[in-house]
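There is one chain below, alone, in structure tokens, taken in the form predicted on its own.
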């Protein structure tokens, strides 16, 4: 599958690129400048160190046009520019939003949702109706993703209104070793999932924990 990581030159983009390249996907790293994207792709291949995989770089618009699945690997403040600003590059792709609207007050991280209620709903409103959007991967640590030998023992919660999009995202999650996808409901539920990211960051910071994540446990009576 061709996966385009829009704004994928950062830590989370590198992590996704490594994991999905190892799984055999064709990964396209996008950036505002093609040169930066190509440099990031080369660096990612170096990090893979012969572990296999196909990674290339190009500007965001070309990456979107080339991708079957588009991952918005950008901070919230860039969401508008890679959705509405690049709207013409989108057609019928599946778009995945791990974007979280939050801010740091100097003491703690705070969830600051937009008027629409969540970054996912905001993105959907800025994209063509032909695009199928799901939200996922909000609580996955970038540093853990970049460690290709690391087994991720957490869950990723997926929200969306399109069954096909959800199934594709579930499959991509399963391609990341031991990451378990869980259906968390319609896209309107994404605000609850997005708000878990600042919560986890606050917990990790206060309790000196590294790479905190989410694991859903089923309580069974013996």
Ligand SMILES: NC(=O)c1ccc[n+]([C@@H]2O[C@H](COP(=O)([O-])OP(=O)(O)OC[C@H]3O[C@@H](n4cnc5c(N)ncnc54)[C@H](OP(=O)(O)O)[C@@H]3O)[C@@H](O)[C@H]2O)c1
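Residue numbers count along the first chain shown, from 1. Fair warning: this is a prediction, and the values are worked out from it, not measured in the lab.
Another form exists, predicted in complex with this ligand; not displayed. Remarks below refer to it.
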Discussion item. Taking 4.5 angstroms as the heavy atom distance cut-off, pick the stretch from 66 to 74, 162 to 170, 41 to 49, 182 to 190 that is near this ligand in the predicted bound form.
Written reply: 66 to 74
Discussion item. With the distance limit set at 4.5 angstroms and only heavy atoms considered, check whether 113, 120 and 195 all reach this ligand in the predicted bound form.
Written reply: no
Worksheet item: Contact between residue 148 and this ligand in the predicted bound form at 4.5 Å, heavy atoms?
Response: no
Practice prompt. Answer for residue 100 alone: is it within 4.5 Å of this ligand in the predicted bound form, judged on heavy atom distances?
Written response: yes
Worksheet item: Taking 4.5 angstroms as the cut-off for heavy atoms, does residue 137 touch this ligand in the predicted bound form?
Response: yes
Worksheet entry | Distance check, residue 54 to this ligand in the predicted bound form, heavy atom within 4.5 Å | no
Response to the item:
Applying a 4.5 angstroms cut-off on non-hydrogen atoms, the residues of 2 to 21 near this ligand in the predicted bound form are 7, 9, 10, 11, 12, 13
